[in-house]
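The chain below stands alone and is given in structure tokens; this is the form predicted on its own.
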Amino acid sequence: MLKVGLIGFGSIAKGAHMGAYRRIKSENGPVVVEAICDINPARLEGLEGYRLYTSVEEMLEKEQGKLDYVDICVPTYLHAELSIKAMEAGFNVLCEKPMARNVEQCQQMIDASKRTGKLLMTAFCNRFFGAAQYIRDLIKSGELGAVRNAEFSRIQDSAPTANPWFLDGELSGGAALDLHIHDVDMINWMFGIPKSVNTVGKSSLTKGGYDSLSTNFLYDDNVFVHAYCDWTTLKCKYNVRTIAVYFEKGYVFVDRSAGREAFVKVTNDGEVTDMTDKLKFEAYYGEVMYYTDCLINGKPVSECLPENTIHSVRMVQAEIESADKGGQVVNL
């Protein structure tokens, strides 16, 4: 049985990550939460049965030899610093997305993992979403022929204002690195690194970052992927999450917007395959199960390799550069 400590107990840890660990515990699975750390003592109130800390340094010191890994769910600008501290203190690390604030910090995390021999994985949850995995496998299989183009859209009800750091672009990277990064990582994972990007962006809430972005990712043979993101829309009833991939012989369409869920594969002869059963979102559970399996069996995290997830941050940085230059094409 593996033992994990959570570092950071805000909304993503309290909801998504703890939800996954509670399910795993109920199934007598391979991991159990033993320690939780948050600098805000109020977030730890009412927690029973865990060793609790308000200092990361104290936790890393006192939990040596007791925990197999730490699950880091802190603000983006702290990902690299705390991941490196944890690995150097002897802990394996599962770190929430994005990998870090910039490519340089990502590389520092990779270097620390190699130096210490500790297993590092970025928790890009959509790589463990059944519908996304199906699409990736479909692309690789060639069943519907070559990809012609694709479209991703992600819109949510206003920027997260509960924590001021979200709206400080220097700390969060704005919508580009916090929200849009989900789709960018899927694009990286499904299609690889593009030749170039061109982006237009708009800022209305975030200081030093973009709240809305529209990007074209260009690949060989004029294959292109378009992605749109916005986190300013007020009273956005559906919190839009859509993916469409168009092939030579058909297309797939996913809509995870609340109240209008759909997932279909349509061939050029009109055959429609309904795959809404793959829309159940168990990605956080999946990523934890995958990471713990890698730890238990001594396997690399090939499905979420840091040497690959760094490229998702690199792609976002290129988008921001393009937007800063009024949509100028930026080569990768």
Ligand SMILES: NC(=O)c1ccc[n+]([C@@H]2O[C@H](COP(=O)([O-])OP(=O)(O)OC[C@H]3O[C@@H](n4cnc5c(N)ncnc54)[C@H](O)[C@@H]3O)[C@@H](O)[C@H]2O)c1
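Residue positions are given as counts along the sequence shown, with the first one as 1. Everything quoted here is computed from the prediction, not taken from an experiment.
We do not show the form predicted in complex with the named molecule, though everything after this point is about it.
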Counting only non-hydrogen atoms and a 4.5 angstroms cut-off, does Asn163 reach the named molecule in the predicted complex?
-> yes
According to a 4.5 angstroms non-hydrogen atom cut-off, is Leu305 in contact with the named molecule in the predicted complex?
-> no
is_contact(Cys37, the named molecule) in the predicted complex, heavy atom dist at most 4.5 Å = yes
Is Ala80 a contact residue for the named molecule in the predicted complex, using a 4.5 Å heavy atom cut-off?
-> no
Can you say which of 114-122, 251-259, 136-144, 164-172 gets within 4.5 Å of the named molecule in the predicted complex, counting heavy atoms only?
-> 164-172
Kindly indicate whether Thr206, Glu319 and Val330 are, all three, within 4.5 angstroms of the named molecule in the predicted complex, using heavy atoms.
-> no
Exactly one of Asp183, Asp178, Asp71, Asp211 has a non-hydrogen atom within 4.5 Å of the named molecule in the predicted complex; which residue is it?
-> Asp178
Going by the named molecule in the predicted complex, which residues of 95-131 come within 4.5 Å of it through any heavy atom?
-> Glu96, Lys97, Pro98, Ala123, Cys125
